[in-house]
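Below you will find one chain, with nothing else, as structure tokens; this is the form predicted on its own, and questions on how it binds or moves follow later.
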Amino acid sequence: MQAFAETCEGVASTTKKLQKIAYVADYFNSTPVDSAAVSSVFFSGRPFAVWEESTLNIGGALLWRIVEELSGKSGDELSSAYRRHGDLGAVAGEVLTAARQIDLSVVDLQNRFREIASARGPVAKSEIVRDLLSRVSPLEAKYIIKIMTGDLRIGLKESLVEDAIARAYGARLKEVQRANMLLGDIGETLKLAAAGKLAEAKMRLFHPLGFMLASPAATAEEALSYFEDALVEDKYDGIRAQAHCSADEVRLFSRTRDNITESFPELPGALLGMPQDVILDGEIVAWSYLEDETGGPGRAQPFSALQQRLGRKKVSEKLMQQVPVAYLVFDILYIGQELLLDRPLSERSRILDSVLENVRRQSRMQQAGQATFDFPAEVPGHVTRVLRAPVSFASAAAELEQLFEAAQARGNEGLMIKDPQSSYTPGRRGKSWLKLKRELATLDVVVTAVEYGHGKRIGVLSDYTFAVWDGERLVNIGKAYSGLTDLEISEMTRWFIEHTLEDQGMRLLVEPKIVLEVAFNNMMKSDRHNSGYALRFPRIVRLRPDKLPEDADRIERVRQIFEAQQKS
């Protein structure tokens, strides 16, 4: 573990990507393959591989108390160190002084992480963590805590770890990337690369792939400037979900790659009975099952209705009746043993239509209420849970405008405009998929600090300071206290208290994990925040539990909004 930590120090010491890759590749070459495999997971900022559902469930507040106890430092001294570093791992590296007592390997450390994950309750977990941190060097403790909090903060993304694997074992980078995507395990990918067997990587079902993302388009004319003929769908106000379906098991995954199946218990049954294993991409929306004006199967409801269903492990029959949901499918990524990502969207759409039609045909052959797959069918009283997202085509701005108005009349956000020739590029945001909305600008931001409220909000944390990304660091851009319900504020207060990094009395610095969507009237340059910008009249539109912190907007997006505002 000491060698791993020293390598991390080297990576952090340079801003050059090639030098970072070289440090990691040299480390891989100097250590046994099993240790290198575990280290590759750690270099990616995680205790476990992506496909594993194990979590440590250790909050920043608990780690802070352990560091305070082991260091013998006062709360003020720790707070001062945190203000210098902005990172609890770096604080531990500075304030802990105990001599190294054990020769801890990275494999040993991952075994300790598994003990922590399986331990029940904060007391049992804290005992394991305290014993671990008391017996390692300060440098090792620094990076152990960084891995536990999920952020090494050394400028090393998983894509660079893939580069290092390719360099260390003489493999082609594209083969490394593809194997890691299929397996969801960069450690297993490293082992295959070391053995020269990357081509043997097979898709691991129930491991979510990255989601293809869309870029904003300001006008219909701009959208059609990137490609002439467009495949057009409504933009629904729900959450993206990837459905992994086999004959007898279905799991749903959010954009954050969390398993959200339990939050929507009515959907898996509607996706059972597939003739082949498939992976679908779509949107879960709150849905009114009353027929719409065209005689269709209903219409989507606002996101505020769906929020009542998010994050729940137990969903009552009453809530399912009050807030019914539907899964609108618009893409297929995998079928049988074949990954479809490289095929053009037009071809994937035909495959999707064929798959759904085959299932519909089976459904019609069964009696009402006994269909294994819940698609629209000519069965009286048959409730639709899964729908094929309707598709239109447009080649002129006027056609897009008409489709846009129709989408908004149906209560949807706007349009998704897609290049029919586009391949599916997981985790990337290009110009092949575009989103067209007409509304005030919004930003996805990360909460960095919270404050106790006033009046009826005394005792709860209701004032949120938030930030965007500037390179590898978060820079504050605003503060808001309106937009969330009392219940949401109460639930978030509990979360923030458990994930506090520094208690400043009325203000808490918190782990940067919570993403918000905020709206504002306009933007101005300001030295009030370290981003150099400030938002005028910011307000919280909604919590975004479907997004990871790294999905938040970047300072470049802020500059674009500011410049567009100056021209208008």
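The first residue of the shown sequence is 1; numbering continues from there. Keep in mind it's a predicted model, so treat the numbers as computed, not measured.
Keep in mind that the form predicted in complex with ligand AMP is missing from the display, and what follows is about it.
Only one of R153, R309, K157, R240 lies close to ligand AMP in the predicted bound form, with a heavy atom inside 4.5 Å, and it is R240. A single residue from the set L443, M416, A467, A480 has any heavy atom within 4.5 angstroms of ligand AMP in the predicted bound form; that residue is M416.
In the predicted bound form, ligand AMP lies within 4.5 Å of some heavy atom of R544. Although the partner is absent from this view, Y82 stays clear of ligand AMP in the predicted bound form, with no non-hydrogen atom inside 4.5 angstroms.
Although the partner is absent here, E283 lies within 4.5 Å of ligand AMP in the predicted bound form, judged by heavy atoms. For the chain shown alone, D234 is a contact residue for ligand AMP in the predicted bound form, at least one non-hydrogen atom being within 4.5 angstroms. Stretch-level contact analysis of 197-205, 178-186, 400-408, 226-234 against ligand AMP in the predicted bound form, using heavy atoms and a 4.5 Å limit, identifies 226-234. Contact check for F43, F48 and K142: none of the three has a heavy atom within 4.5 Å of ligand AMP in the predicted bound form.
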